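To begin, one chain is listed below as structure tokens, in the form predicted on its own.
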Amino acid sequence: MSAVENPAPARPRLGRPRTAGRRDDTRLALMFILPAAIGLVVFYFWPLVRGIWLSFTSWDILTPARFVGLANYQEMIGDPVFWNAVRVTLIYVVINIGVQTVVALLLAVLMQRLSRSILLRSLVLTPFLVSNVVAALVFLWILDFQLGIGNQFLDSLGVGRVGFFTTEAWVIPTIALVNVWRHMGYTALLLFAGLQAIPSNLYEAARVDGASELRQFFTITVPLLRPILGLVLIISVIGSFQVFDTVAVTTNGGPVDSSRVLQLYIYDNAFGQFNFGYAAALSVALLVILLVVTVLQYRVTRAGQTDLN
């Protein structure tokens, strides 16, 4: 008679432990994310892939696209108008970002130190509510060489009239300052939000040690505001490289291509000459420039790190 074997003990089931009263919200989260994901694919990813493909073709809408390999990029390398557009765009970006960042930082510090008025903060944001086209038209009338009130004021001071939109030396700085006026309030509010995160006891300790306001600004405010400054610079640079409407309304690239920025040159090739293949190649070049500048900015400003630990 064989011995009766004891049954093996039941092995515990492997798997995710269930928590009482807790449900899986993954499907609900996916339902909320799905519309945004579809929009991202339809309006960003697909046009990007389509644009890169068109940059290797010759296409004028009326005939089917014809694959031409790297011909558009070879033409772009030897195109003096393209390099002039890159130079003009870089000058605009440097003036716009430099002036806008300094003015916005000054406004943000003044709002934090001198006033807690919500009305004042709202007034600072007012220019951002005006569209680029309206702002361009208003400044075009104000700075008109013959009838503009700005030039009449300069003439009354004895300075003389200035061709802000009609001379090569003044056109890009003028367009940059118009856009600085419109965007400085929005940038100032972003920096103001960053200033609110800096602990006030750091300033109190600095005052006890006898540090002046200027020293507090450079030793406390600027270092601790670095992540927000990095974010603001990245957003501003990407937006500045895409300047188009202000230039199209005021000068349309003139005089003598001195304000023909890269976006306007892309538009002229696509919708003025129906050379969509070459315009797509120019757009890909702009994308590469933005990627390189953004990565360099992110690393130089260490935008992903903070000293508030």
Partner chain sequence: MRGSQAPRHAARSAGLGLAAALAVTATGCGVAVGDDSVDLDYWLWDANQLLPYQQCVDAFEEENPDVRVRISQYGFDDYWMKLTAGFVAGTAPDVFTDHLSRYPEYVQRDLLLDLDSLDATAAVDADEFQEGLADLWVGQDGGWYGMPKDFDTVAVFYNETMLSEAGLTPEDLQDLDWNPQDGGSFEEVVARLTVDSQGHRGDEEEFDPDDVVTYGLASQGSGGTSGQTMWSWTAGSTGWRFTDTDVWGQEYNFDDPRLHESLDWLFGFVDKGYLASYEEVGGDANAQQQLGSGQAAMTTDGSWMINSYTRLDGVDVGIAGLPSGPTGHPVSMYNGLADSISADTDHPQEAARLVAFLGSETCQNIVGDAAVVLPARPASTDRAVEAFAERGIDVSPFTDLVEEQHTMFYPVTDQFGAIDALMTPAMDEIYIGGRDAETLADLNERVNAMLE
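Numbering follows the first chain given and starts at 1. Since this is a predicted model, take the numbers as computed values, not measurements.
We do not show the form predicted in complex with the partner chain, though everything after this point is about it.
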message: Using a 4.5 angstroms cut-off on non-hydrogen atoms, would Phe145 count as touching the partner chain in the model of the complex?
response: yes
message: Taking any heavy atom pair closer than or equal to 4.5 Å as contact, tell me whether Tyr44 reaches the partner chain in the model of the complex.
response: no
- request: Report whether the minimum heavy atom distance between Asp257 and the partner chain in the model of the complex is within 4.5 Å.
  value: yes
- prompt: Would Thr219 show up as a contact with the partner chain in the model of the complex if we use heavy atoms at 4.5 Å?
  reply: no
query: in the model of the complex, which of the listed residues (Ser200, Ser212, Thr167, Ser131) lies with a heavy atom within 4.5 Å of the partner chain?
result: Thr167
- prompt: Of Gly163, Gly150, Pro227, Pro127, which residue is found within 4.5 angstroms of the partner chain in the model of the complex when only non-hydrogen atoms are counted?
  reply: Gly163
- request: Report the stretch among 239-247, 65-73, 273-281, 30-38 that approaches the partner chain in the model of the complex to within 4.5 Å, counting heavy atoms only.
  value: 273-281
